[in-house]
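Quick heads-up: it's one chain on its own, the form predicted alone, in structure tokens.
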């Protein structure tokens, strides 16, 4: 596994899909982000890793436009969609209605588009189901479909696989990569799982106490072998920054 450690230098010469420049975010007297700088190439998957409370989700909310920076600049190239760890489906709406929620189209067209995107995520047969009847993985597929129906240029994922069992997570990883290859959107994935980050991402940003501790690109082709020595070295590098011993 070959690794180029100067992600910042590389990104400067490429068109960014999203970027943060000297971003600071405070809530009252608490500083959550302090001087964050990063640039993500258009069409790239970036994983943002770090401990709880380090500012990962806050940074994603800034990119999504759900919050504003106290100072600094956030840029996003194109339309943005976001999916969370909780699928946040409306229980009183059928699956297809959840996917089409917010589309300003006639109902027939809304339904047509919803069914098409549900087929993409492998849930075409459950279009008329109620959210309460879905498994966790199915709920996350619906959440992805709801994000995809808006044809985003940037897809923001906030711990979308964190609550899933191991086998379902593997299937969701494969689905996400297939959708990314098909649509070519920029992906920013927030995760606590270092192995997940190293398996899926083109580049990794390590946050700690609101600051960027490290950022690097991964040049290894997919699928990646977690037993590869290069994978292990990167894992140790990230865990070391986070103060976690490698097992």
Partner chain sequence: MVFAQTEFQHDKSDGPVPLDAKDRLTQIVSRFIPRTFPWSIVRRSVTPLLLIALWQYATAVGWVDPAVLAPPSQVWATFVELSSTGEILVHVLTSLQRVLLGLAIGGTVAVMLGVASGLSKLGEEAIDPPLQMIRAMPSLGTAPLLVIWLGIDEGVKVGLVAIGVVFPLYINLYKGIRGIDRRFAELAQMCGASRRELLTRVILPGALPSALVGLRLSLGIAWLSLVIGEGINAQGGIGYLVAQGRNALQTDWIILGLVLYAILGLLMEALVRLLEWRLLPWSRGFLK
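What you are looking at is a predicted structure, and each value in this text was computed from that prediction instead of being measured. Positions refer to the first chain, counted from 1.
Another form exists, predicted together with its partner chain; not displayed. Remarks below refer to it.
In terms of contact with its partner chain in the predicted bound form, the residue from 176, 148, 114, 89 that brings a heavy atom within 4.5 Å is 89. With the partner omitted here, the residue from 95, 76, 82, 123 that has a non-hydrogen atom within 4.5 angstroms of its partner chain in the predicted bound form is 82. The partner is not drawn, yet in the predicted bound form one stretch among 163-171, 115-123, 128-136, 68-76 has residues with heavy atoms inside 4.5 Å of its partner chain: 128-136. In the predicted bound form, at least one heavy atom of residue 61 sits within 4.5 Å of its partner chain.
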